[in-house]
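Laid out below as structure tokens are two forms of one and the same protein chain, each shown alone and named structure 1 and structure 2.
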Structure 1
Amino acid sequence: MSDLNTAMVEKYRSNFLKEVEANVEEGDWVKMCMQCGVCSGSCPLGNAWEHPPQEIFMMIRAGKRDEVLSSSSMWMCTSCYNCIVRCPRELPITHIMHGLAHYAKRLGLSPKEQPTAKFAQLFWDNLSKDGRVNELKLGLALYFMNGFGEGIKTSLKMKDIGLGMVKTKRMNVMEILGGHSVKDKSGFHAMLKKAAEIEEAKIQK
């Protein structure tokens, strides 16, 4: 158990709901779930979840801390927002699931299998460099994220679509050399650094 996780356990003891409310984005909404199951029924990946959202919320209220934070469920969310749109109580379910995943990662409790983690990290690395997404570099990174051989196969499979995008000027191959960035890149990086400091300070409280 990591030092941070131990500190959190000591701080909140058996009140996992209180811990979630204090440390997870929109976590204070968890207690509003009425267990109707519309969220899991609306999810395109609903049948693949280890624990659907309403079950995760029930487990939080039941104090099942380890089971929730080590679950792969939060990492299944692809941010389609169907659950939020259809929730009778308008719970920000997508935000909560991502918040739980982020919190579990901070505590060192996230599972080894994280279905969306690779994409999320590649997207963040791409965006945080220049303040804007370089779609060509991101696409190539996604093609090759599971190895060189797999990347070549995917690239060849998608070559006609890629050429079509270049011809219609929907993709600029020169972006591989750099691409657009925000005007004040140093200010953008300073903002990210400050946000990280604020989050770290919140953890240490």
Structure 2
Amino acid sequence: MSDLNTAMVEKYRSNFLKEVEANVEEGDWVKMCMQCGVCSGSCPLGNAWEHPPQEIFMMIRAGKRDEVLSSSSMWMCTSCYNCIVRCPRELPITHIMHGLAHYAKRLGLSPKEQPTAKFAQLFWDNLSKDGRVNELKLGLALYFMNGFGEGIKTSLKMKDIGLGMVKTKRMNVMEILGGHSVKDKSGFHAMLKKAAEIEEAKIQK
């Protein structure tokens, strides 16, 4: 349990809806859900969710804090935006799911071996380092995210795809030495640092 998590449990006590409204991206929309279930039925990975979006919204209102935040559900979102355009009440469901996933990760509650949670973090680390994505390093980090042994196995499995991409000049093995980046790295990093600080201060408040 992170310190922040303990602080949040203390601060909001039994009102998880309030906690979500105050701290989760677009969280103030949650109470607008009318439980029609169109989002759950529209999700391309709907059957892979432990709790589909409609259920997540109900669980938030019912105060099921641990069950929601430690669920793998939100990490099943492919960002297809089907739910958003079909929701009769126009809840920004995709963003709420991203927001919940991020909040769970911030509190240290997201499931440890969730592959999309891991990959999403790798992606952020990759892009925020140089300002642009290094696709080769991202791919390798993905293959090896579950340890060396599995990494070798995955790399062999993906070998032909990698070769196809290199042959068509859509992947560059030299990117291992550096690759694309923004020129104003110091400004870029200072900007991200400041944005993270402002956000952190809002949540701590």
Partner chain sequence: MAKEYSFYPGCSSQDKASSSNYLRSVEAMCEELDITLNHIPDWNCCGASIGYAGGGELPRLALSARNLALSEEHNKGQDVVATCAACWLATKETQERLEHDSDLMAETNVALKEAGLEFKNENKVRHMVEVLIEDFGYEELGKHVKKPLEGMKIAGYVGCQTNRPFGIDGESFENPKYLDKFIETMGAEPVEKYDKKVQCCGGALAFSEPEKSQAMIKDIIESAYDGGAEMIVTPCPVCQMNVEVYQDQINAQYGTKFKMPVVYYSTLMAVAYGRNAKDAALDGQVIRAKRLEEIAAK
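Rigid core here is just the name for the largest C-alpha set that superposes within 1.5 Å across the two forms. Quick caveat: nothing in here was measured; it's all calculated off a predicted structure. Residue numbering: sequential along structure 1, first residue numbered 1.
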| query | finding |
| --- | --- |
| Pair member that is the form predicted alone | 1 |
| Residue 172 C-alpha relocation of at least 2 Å between structure 1 and structure 2, rigid core basis | yes |
| Displaced residue check between structure 1 and structure 2: residue 190, CA, 2 Å or over, core reference | yes |
| Post core alignment: residue 132 C-alpha displaced by 2 Å or more between structure 1 and structure 2 | yes |
| Core-fitted comparison between structure 1 and structure 2 - CA shift at residue 143, Å | 6.9 |
